[in-house]
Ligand SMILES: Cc1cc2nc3c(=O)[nH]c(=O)nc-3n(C[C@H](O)[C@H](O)[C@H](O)COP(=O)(O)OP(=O)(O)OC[C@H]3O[C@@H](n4cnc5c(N)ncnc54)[C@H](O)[C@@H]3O)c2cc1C
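First, one chain by itself in structure tokens, the form predicted alone.
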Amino acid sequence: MDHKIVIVGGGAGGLELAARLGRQFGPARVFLIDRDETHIWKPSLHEVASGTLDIHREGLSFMMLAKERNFTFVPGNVTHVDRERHCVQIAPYYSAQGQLVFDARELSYNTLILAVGSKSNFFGTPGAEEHGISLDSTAQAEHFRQQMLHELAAIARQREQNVSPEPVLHIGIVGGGATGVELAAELLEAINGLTFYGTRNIDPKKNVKITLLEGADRILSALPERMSVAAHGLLIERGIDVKTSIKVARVGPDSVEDDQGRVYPVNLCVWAAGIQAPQFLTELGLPTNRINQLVVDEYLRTPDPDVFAMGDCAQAPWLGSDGTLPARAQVAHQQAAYLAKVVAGRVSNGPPHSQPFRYKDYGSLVSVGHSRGVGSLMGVLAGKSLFVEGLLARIMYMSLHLMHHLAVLGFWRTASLAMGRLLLKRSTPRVKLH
């Protein structure tokens, strides 16, 4: 009987793994399950939220990718894994209009790889889940973008009517990690672009205030301090109010309050303060940590030898250090390449893969607008790190997206896509206006 490989989750790591294995074993053996119909590289969701990236042009169809990379795409949301029967249970799948497309289904497996990613962790903060908008999916990012457009239109009407005092759109971002920092900078550029395309009666400096709230004593606290200082300076230079050592106590419909009783007016609140893995992982009878991540060994295996986990949903040891691997796209990228070899050995009934997964940290890059960035490249000069910033860092950041496409689409498809985007930019607005 053919060895069936089931990958749950079409994010950066899961899709790259499916593409690698599909080219090797074909659609009868390799199955990718995802609840969405299109793939967007998750690190670019802040661009979707600001409107500087249009999902209808940039999204990659899973059906197209499955045909090109020779795997089978199964649309749907996995609700349970029956490890005794070696099958996953998939919820009914409905169209955007609410029509039933597929009934509830089961899909058997010989090897299961869970790559379901993560979602926002609200830490039980009162009102955060109700009033905060997270950027875990394209739908949420699009929701924020549309809300922002509505708010800006309302301010434009008020200014036309000479309403006093001067109307202000307050955007609060809770969390000063990479997502929060990149979103703050991208929003500022997007709003400037919107005023360029017609909302000229809005003055971004007067009518929009972006506040970034971070609980640690510096933004980008998980990255080198030099990156943090540089990014902080760039945000302040652009007029973004950055506040550190702020512990958010509650979120209301029009304000955020910290644990000292200070209140920050907020019309739109983005929650980017932490992550957790999907809840259903805790129901599989496998060890999980406090944020629902599956605990795996140095071979990315769970205690069940037929179940592996990778990416943000897995707590994997960082060999050579005392900690665990960070939730970064480059981790998932390297894990996909590693698991492709491990699974190939299982399919051919070869000896177990003897080499553990070793993560190589190539550094970090953060976008601070379309023309600026900061980054730290590891091991580029005889094991030393190199700090980069400005346009060079931004170009290198953009290349990461192309590297992901290269792993999924191959060289010629990626080159054609990059050229097409370059040409489209000459005939389309810099921001999505509708």
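Each residue number is its position in the shown sequence, starting from 1. Since this is a predicted model, take the numbers as computed values, not measurements.
Absent from the display: the form predicted together with the named molecule. The rest refers to it.
Look at 252-260, 328-336, 121-129, 96-104: in the model of the complex, residues with non-hydrogen atoms within 4.5 angstroms of the named molecule sit in 328-336. Not displayed here, the named molecule is approached by E182 to within 4.5 Å at the level of heavy atoms in the model of the complex. Interface residue remark: G59 is not counted as part of the site for the named molecule in the model of the complex, having no heavy atom within 4.5 Å. Under a 4.5 angstroms non-hydrogen atom cutoff, the named molecule in the model of the complex has R35 among its neighbouring residues. Put simply, G22 is far from the named molecule in the model of the complex: not one heavy atom of it is within 4.5 Å. Heavy atoms of no residue among G215, H232 and N267 are located within 4.5 Å of the named molecule in the model of the complex. Comment: the named molecule is not present in this chain, but in the model of the complex one of L188, I133, C87, V78 has a heavy atom within 4.5 Å of it, namely V78. Between the named molecule and the residues L220, I171, V116, V296, the one pair within 4.5 Å by heavy atoms in the model of the complex involves V116. In sequence order, V8, G9, G10, G11, A12, G13, G14, I33 are the residues of 5-33 having a heavy atom within 4.5 Å of the named molecule in the model of the complex; the partner itself is omitted from this view.
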